[in-house]
Structures are given as structure tokens and as C-alpha cells.
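As a starting point, one isolated chain is supplied in C-alpha cells, in the form predicted on its own.
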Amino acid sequence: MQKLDRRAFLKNTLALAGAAGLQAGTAHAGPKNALSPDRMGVLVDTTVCIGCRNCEWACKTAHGMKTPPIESYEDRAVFSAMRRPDDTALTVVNAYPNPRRPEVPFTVKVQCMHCGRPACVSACIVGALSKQENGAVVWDDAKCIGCRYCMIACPFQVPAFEYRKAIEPKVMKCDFCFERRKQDGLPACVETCPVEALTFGPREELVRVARDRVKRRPERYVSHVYGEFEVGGTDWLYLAGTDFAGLQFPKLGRSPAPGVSESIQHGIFAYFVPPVSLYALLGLLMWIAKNAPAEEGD
């Protein structure tokens, strides 16, 4: 067997990496993040919500998901345990203790927050997730490779994977009724809410409305519009009558969530260094580590 020296191996490995990766310098997989100042949002007033869960039913119906009869959503037994959106429900309603009126718990709708600078968009190395000008963060199954980086990156733990499906599983999350809104329709949850706990409109206007409610009714609301500044701002905003920590909202800073991951991941894929190049370089490092002790003893 011919002995391969380190110098020859290094030369051949680097040549392979260069040929496989660096010649395709025009390919890009950066994220689309159309952050329009005119984008739309939703203001959720948790002090108005009555926990009817009509929004859950409307969401499933609008997205063609398996939907139980609307009468079944009157069952409040589901509030005994905290729930999260998953591949079978893109939005859920939970109940939390109300210190002021223990007999009437706070009920809170949970779904994708549609961040202004979404961590999921940043984390996706193939651009399968994108922030649209109308405010929606949407997923493209034609681009997705199933890496599930978006699930790890999301500070709200929203994206869910269809683990039950062996063939063509999808990443599932609220898409802000993107297709309905193309036809000038309202988000299904907003349209069906019987008490108008959900207000749809331009985000900047919703911020003003929320601040005005807090100013006019300090006895009703805590002085905090959740989503106004969290992770750089989200397009779903919340008002509450108790501290948001008591409603299991994560305490987040004002800096956008993408951070370092965006510069690292998209720096690599901006020049299209494909896996074969990375594996070749990894092989080089492994070969050096394996043979270094033997050579030191020569």
C-alpha cells in the first residue's frame, strides 16, 4: 500500500475544497427580511379575552387542518395544563391565575410572534423562511431541508416539526394567514373573535393604541406593551392585567434575536461552501490528529 505523506494529503485536500466550493462564489442563501414600516400586526388584549377558543377552531379551519366541531372548544378542561402550538395546532389558548379576580383567570392566545427581525429567518441556511412586507413570517417547503435550526433559534419556541409524518414532513407555524390576506381578508383568528380581543392593523398604529389604553386605564393594565421592543420588536403585541412573567412570556432584551448566528451561517453560505468542502477539511484535521504522535516519535 502506498504511504501518503502529510504534504501530499494537504495539497490534495485543499485542492478538493477549492474546486468543490470556492468556484461557485455567486450562489447565495441569505435570508429575505422585508421589514416594512407599513407592515401589519395584531394587538392582543388579554384582559378582554374570554377563553372561548374560537380562534383555535378558526385557525385550523382556515389552514385545512383536521378540525373538531366548534362545540368541542367549549371544553375548558384543556386549561388544566399549559399547551404550546405544535404541528396540529398553530395557535392555542392557555389560562393563568388572575390575582385581582381569582374566579376569572386570564386567558391568553399563543402563536408565532412574527418578529421584525426573526431568529428563525436568520437561522435558516437555505432561505426557506422569510419575513414578508405585510409582516408575515412564512415557510417555503420547496426550499426547506429539514435541518430544524429554526426551532432551536426561535426565542418563543414556536416552530414545530411533523415528526409523525415519515414522508415530506413540514415545519408548522402560524403564517399570519398569508394566503387569506393576499385576498384582502382578515386573519382567521381576528375575524372570528367574538369580543374583539384581537385588533388587526398597521403595527405603528397598534403601538399607539396600546399605549393609549395603558395610559387611560392604569388600574386595568400593567405598563408594558409586550412585543413593542422585545427582540427588536414583534408584529404581535400584547396587553395584560398582570406581569407578563406570570403569563409565561419569556423575558427578552431589546436586541434582535438573530445576533451572531446570522453572520456566521450566512457568511458561509454566501460563498456557497458546500458540505463536500467542509467534510474534506474535517478529514484533513482528523488525519493530522491521528498521525501527529507517530511522526513525533520518528
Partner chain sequence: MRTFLGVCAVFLFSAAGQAQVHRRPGTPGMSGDCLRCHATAAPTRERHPLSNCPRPGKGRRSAGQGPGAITMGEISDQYGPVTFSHRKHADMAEMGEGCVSCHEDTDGPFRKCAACHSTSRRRDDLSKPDLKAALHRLCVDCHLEWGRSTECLFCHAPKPGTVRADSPAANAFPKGGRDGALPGTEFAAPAAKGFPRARKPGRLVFETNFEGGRVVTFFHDDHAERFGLKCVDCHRKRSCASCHDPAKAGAGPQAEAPGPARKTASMEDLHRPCASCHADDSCAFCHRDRPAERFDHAKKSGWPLNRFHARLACRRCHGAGPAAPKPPSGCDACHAGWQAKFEHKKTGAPLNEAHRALECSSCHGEKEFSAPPACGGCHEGRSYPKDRP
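A quick note: this is a predicted structure, and the numbers were derived from the prediction, not measured. Residue numbers count along the first chain shown, from 1.
What comes next is about the form predicted in complex with its partner chain, which is not displayed.
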Point to revise | Contact segment among 117 to 125, 86 to 94, 223 to 231, 206 to 214, judged by heavy atoms lying within 4.5 Å of its partner chain in the predicted bound form | key: 206 to 214
Study note, to complete from the structure: Note: exactly one of 252, 65, 50, 35 sits with a heavy atom within 4.5 Å of its partner chain in the predicted bound form, namely 50
Review point. If you check in the predicted bound form, is residue 192 within 4.5 Å of its partner chain, heavy atoms only?
Key: yes
Point to revise | Distance check, residue 184 to its partner chain in the predicted bound form, heavy atom within 4.5 Å | key: yes
**Study point:** Proximity of residue 104 to its partner chain in the predicted bound form, heavy atoms at 4.5 Å
**Key:** yes
Check your understanding: Would residue 200 show up as a contact with its partner chain in the predicted bound form if we use heavy atoms at 4.5 Å?
Key -> yes
Review point. Using a 4.5 Å cut-off on heavy atoms, what residues in 58 to 96 are near its partner chain in the predicted bound form?
Key: 70, 71, 74, 76
